[in-house]
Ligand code: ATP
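Given next, in structure tokens, is a single chain: the form predicted alone.
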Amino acid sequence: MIKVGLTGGIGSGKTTVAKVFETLGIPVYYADDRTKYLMNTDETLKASIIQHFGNDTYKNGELDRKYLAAIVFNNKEKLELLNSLTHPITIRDADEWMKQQTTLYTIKEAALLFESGAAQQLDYIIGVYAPQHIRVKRVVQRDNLPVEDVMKRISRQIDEEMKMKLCDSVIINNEQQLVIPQVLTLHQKFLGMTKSDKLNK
């Protein structure tokens, strides 16, 4: 089975692209959603978060996401600490999930594939690219956040141009080029290859 990564900056449209792959019958692991689940269900991870961020991070056994976000998005060191706790567990969880799939290839969708080190365990990386002004507009509308908060989150991620250069293929999602034909091209590429080809990198 070929392990494909799907990444891009906040607001780039990763989820939109992932949903297209899902309509083609390809299973997708959504790292952000799964991390939130694990932060509520993995007792070891919960204990570590409480140890480092305090008892107020959980209310009635459920993660207080707003409380934790207020801490980490205003402090680079705290964000890096949280990532150091969650990334290893999510990477291991994704690996186990992929082993259970039976399709020719699977996809892991995650914003921080390179930052977390997860890219090293994948065979091929797709980047989803959109210009920054479009990404900011999307996130402001989607999450009802002020522009300053969106820019702060963008600043915590690898430069988008650099990230795209690290990817094996890039899907342009700039509201001008159609996404579906780009996905279909990659879908046929993966179906026609085997892992031993290393995807003709």
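A quick note: this is a predicted structure, and the numbers were derived from the prediction, not measured. In case it trips you up, residue 1 is the first one in the sequence shown, and so on.
There is also a form predicted in complex with the ligand; it is not shown, and the following applies to it.
Colleague: Is M193 a contact residue for the ligand in the model of the complex, using a 4.5 Å heavy atom cut-off?
Modeller: Judged by the heavy-atom cut-off of 4.5 Å, M193 is well away from the ligand in the model of the complex.
Colleague: Would you please decide whether V183 lies within 4.5 angstroms of the ligand in the model of the complex, comparing each non-hydrogen atom pair?
Modeller: No.
Colleague: Using 4.5 Å between non-hydrogen atoms, is V20 touching the ligand in the model of the complex?
Modeller: V20: no, not in contact with the ligand in the model of the complex.
Colleague: Classify R142 as contacting or not contacting the ligand in the model of the complex by the rule of any non-hydrogen atom within 4.5 angstroms, answering yes or no.
Modeller: Judged by the heavy-atom cut-off of 4.5 Å, R142 is in contact with the ligand in the model of the complex.
Colleague: Quick one: in the model of the complex, does every one of T35, N40 and D93 get a heavy atom within 4.5 Å of the ligand?
Modeller: Not one of the three qualifies.
Colleague: Heavy atoms within 4.5 Å of the ligand in the model of the complex: which stretch in 134-142, 64-72, 45-53, 161-169 meets that?
Modeller: It is 134-142 that comes within 4.5 Å of the partner.
Colleague: May I ask you to list the residues of 164-190 that have any heavy atom within 4.5 angstroms of the ligand in the model of the complex, in sequence order?
Modeller: Going through 164-190 in order - heavy atoms within 4.5 Å of the ligand in the model of the complex - the hits are N173, E175.
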